[in-house]
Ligand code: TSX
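Okay, here we've got a single chain as structure tokens, the form predicted alone, with questions on binding and movement later.
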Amino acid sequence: MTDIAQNSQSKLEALNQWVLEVARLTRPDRIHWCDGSDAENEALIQAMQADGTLIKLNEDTHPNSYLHRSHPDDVARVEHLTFVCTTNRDDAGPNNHWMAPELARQQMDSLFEGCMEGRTMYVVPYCMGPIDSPLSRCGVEITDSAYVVANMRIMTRMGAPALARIERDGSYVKGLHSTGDLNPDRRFIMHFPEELEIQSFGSGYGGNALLGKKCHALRIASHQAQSEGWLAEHMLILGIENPKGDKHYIAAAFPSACGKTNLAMLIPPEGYVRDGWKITTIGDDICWMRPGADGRLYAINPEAGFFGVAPGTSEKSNPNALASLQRDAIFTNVAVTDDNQPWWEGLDKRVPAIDWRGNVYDFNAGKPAAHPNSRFTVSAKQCPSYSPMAEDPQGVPISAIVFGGRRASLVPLVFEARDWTHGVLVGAAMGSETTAAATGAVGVMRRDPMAMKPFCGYNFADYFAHWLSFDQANAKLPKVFHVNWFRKGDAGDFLWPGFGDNMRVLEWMLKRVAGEVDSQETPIGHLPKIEDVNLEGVELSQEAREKLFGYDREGWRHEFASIGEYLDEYGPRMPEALKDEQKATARSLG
């Protein structure tokens, strides 16, 4: 046997050994290594239909599509039960719940003990990103949920090709998951970034169970990225081609349920389409970026599918997403109509027949028919705006990075950071009102730096320092912007139409990237001159013009005082450059 063959065999032996160790602990009835084939998927789907895990939807309107209802207490991320387990508590930082690794492993071992008796243990090799991309990273999830396997097949490059890359590279993230008994008191999601390992028990929901998603692609990957010199971010990636044929790519960070998918699949206003503008979708949720040889940042979408929020998705808000969902999709916790079609609030004016819990829907009860965090899982390739560049192993060059949250007041429609350090501060200080994507109160304003508050796998102070480290002599870094589609007027109505009209803001950004327009210089950054934003066909009140394109000095004075207090929460690890930037802006505000 050659040295290469022996080495390859030893890499898989280590994986085999881990699988056997898990089997001894969890005691499944059988072990199934997933190959990702069509035949395997069809068998899993049939089995889940038989046991009620999946319900087949209307074959005429939504062929090969299914509904899953999760446990009513298992419908969203559980940030208070999500831990980062580093040897040194300060490495996890005040932005994470921390538990000592030894204690965490003892606790999880006791939960996993015998938990798969009577069940099948699935071994799911997967690749985050194009199989042949140097930016991609692999993982193996062990799970007792066929629902997880079906979703991972859509969301990642799963099966035999991933196993072949693991055999070649020898490196992968270990993920162990069991639904357990779905008891909220026995539910934990543990991350061991120093060992590249994840353990999740007691949930079958989304990111708690699809370990390739937030657990791997953000919490573990952000830790990997810090040590390897790249960035793992909670960002969409979209492509923009102007009438001259110039192509740009934008990465944008928004908290969950704040319009990432809508922006990623944006359809420009009719005038833009007529003039030849084109939008393409690389990804709607996660972005991995690495400096290229030319000094620019290049990005891949590590995911292969969309795990999107259903409510609010409609022909008006996101026709591309809706078109993606007409076949080969899995819906979670949506309602259904009387002819067994998926339905959610904001979709259309039909009245659903059955709610997300499986009960006859009572229109007069005043409760939503679909869960506010109900989801769809679908292949990215089904999206009409999908770009083949999503499979480019080198990634796409990023021209602009955009931060944005849900702010009803204070924050204007768009502004540009003065430079990279200011841009990092803009991202670090980002605030947003909470949504139904996480458990807890909705509508509470909280700091959500770079939209990574629930997902950064290490101390935010070190994370900000890592961002600052990319500003080097040979770097050609993207311009940084901040947007707020959710500004409201005194009457409580949204001042900006949003959706496709957000294209007008993207166009202004690209004009700034190309140096084609000036700006209003303010202490908070560069604001657009209103005449430089194409508002043809958009009627804005005087109040809207003032609040969307102006800034409230007194309000921002209070905001920057709050930002200073927030940065101080991270103690001596907080980069002085960021604190200096905050103080300089605060002084300029008077």
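Source: prediction; values computed, not measured. Don't overthink the numbering: it's just position in the shown sequence, from 1.
Not on display, but discussed next: the form predicted together with this ligand.
This chain lacks the partner; the member of 486, 420, 98, 386 within 4.5 angstroms of this ligand in the predicted complex by a non-hydrogen atom is 486. Proximity to this ligand in the predicted complex, defined as a heavy atom within 4.5 Å, singles out one entry of 480, 116, 428, 263, which is 263.
Note on the interface: of 263-271, 206-214, 378-386, 280-288, the segment with non-hydrogen atoms within 4.5 angstroms of this ligand in the predicted complex is 263-271.
Contact annotation for residue 259: at least one heavy atom lies within 4.5 Å of this ligand in the predicted complex.
Within this chain, residue 443 is remote from the site of this ligand in the predicted complex, having no heavy atom within 4.5 Å. Contact annotation: residue 361 falls outside 4.5 Å of this ligand in the predicted complex, judged by heavy atom distances. Contact check for residue 470: every heavy atom lies farther than 4.5 Å from this ligand in the predicted complex. For the partner-free chain shown, nothing in 528-564 comes within 4.5 angstroms of this ligand in the predicted complex, judged by any non-hydrogen atom.
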